[in-house]
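Form predicted alone, single chain, as structure tokens, below.
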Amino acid sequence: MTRSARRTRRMLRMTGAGAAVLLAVSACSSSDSDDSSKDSSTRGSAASDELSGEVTVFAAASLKESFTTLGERFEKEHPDTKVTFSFGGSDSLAASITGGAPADVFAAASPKTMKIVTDKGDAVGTPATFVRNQLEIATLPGNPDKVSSLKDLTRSGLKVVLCDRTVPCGAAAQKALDAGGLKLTPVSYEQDVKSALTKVVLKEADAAVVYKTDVRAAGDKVEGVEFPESAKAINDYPIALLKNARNAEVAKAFIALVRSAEGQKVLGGAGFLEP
């Protein structure tokens, strides 16, 4: 082979190697660009899924302990959110909502009080029952008056407190009394179940008809007495997204937590029954 031919072959080999390097660099660059694009897209998608902002929940007084726990968990899972609660009698909360009070979620202690809101068109979709609750008699610690039945509450001289009949716990108590054919005149009617229980805790009453969940939440401050008529007056608790919700996405996520297995575990631990 002549010197000229050898020089030509060597130049071709060098040109081929250079082209291969360029192709490799180009491929890497393209791959990096694609990966970068994917990463950017993924980050953008994750960012768009992040929940933020405040959500206001109107909830029955009997939900205070369990919903407070769920609110704290929600904020921990979604650090850019804040859950604000307004607890009270379901009828009063429903009236506030239909009157224009700003709220995103309503959790009522009965379908009847939820209907006040749905009839006005202030809820989105069909409310979902997420738990149920049963009545129990709360007495002073140690049950000094030896209350063992609903009938015992009709004894002369016993100071008994009931929720107002317009409130779900009061309507349920009246239903239980009717089921037992009993008549009872309380020393006072309270506007929500917590207020009724507080009368016993403060020893201003000897007994009150409240929910099992409230007796459990009070711990050793009261003693609970079960009665069979309560099975005739179990309340369903519905929850709904409100039409004028200012933060619908966060509200939906909170409702999802309440209805999830995690939410049901917290509610069940508080003494609520499965829906």
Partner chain sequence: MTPLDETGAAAGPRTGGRRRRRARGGAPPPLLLPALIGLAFLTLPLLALLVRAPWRSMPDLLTSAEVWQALQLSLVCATAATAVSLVIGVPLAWLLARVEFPGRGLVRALVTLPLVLPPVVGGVALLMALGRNGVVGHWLDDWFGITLPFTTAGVVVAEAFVAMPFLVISVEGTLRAADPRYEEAATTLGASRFTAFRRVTLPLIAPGIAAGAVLAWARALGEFGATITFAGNFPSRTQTMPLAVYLALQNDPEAAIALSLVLLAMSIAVLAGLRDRWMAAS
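Residue numbers count along the first chain shown, from 1. All of these numbers come straight from a predicted model, not from anything done at the bench.
Keep in mind that the form predicted together with the partner chain is missing from the display, and what follows is about it.
A single residue from the set Lys175, Lys120, Arg132, Lys112 has any heavy atom within 4.5 angstroms of the partner chain in the predicted complex; that residue is Lys112.
The partner is absent here, but in the predicted complex a heavy atom of Lys203, alone among Lys203, Lys146, Lys76, Lys183, sits within 4.5 Å of the partner chain. Here the chain stands by itself, but in the predicted complex one stretch of 160 to 168, 122 to 130, 68 to 76, 147 to 155, 160 to 168, has heavy atoms within 4.5 Å of the partner chain. Taking the partner from elsewhere, every residue among Val187, Gln191 and Lys199 has a non-hydrogen atom within 4.5 angstroms of the partner chain in the predicted complex. Contact check for Glu136: no non-hydrogen atom falls within 4.5 Å of the partner chain in the predicted complex. Shown here without the partner chain, the chain has no residue in 59 to 77 lying with a heavy atom within 4.5 Å of that partner in the predicted complex.
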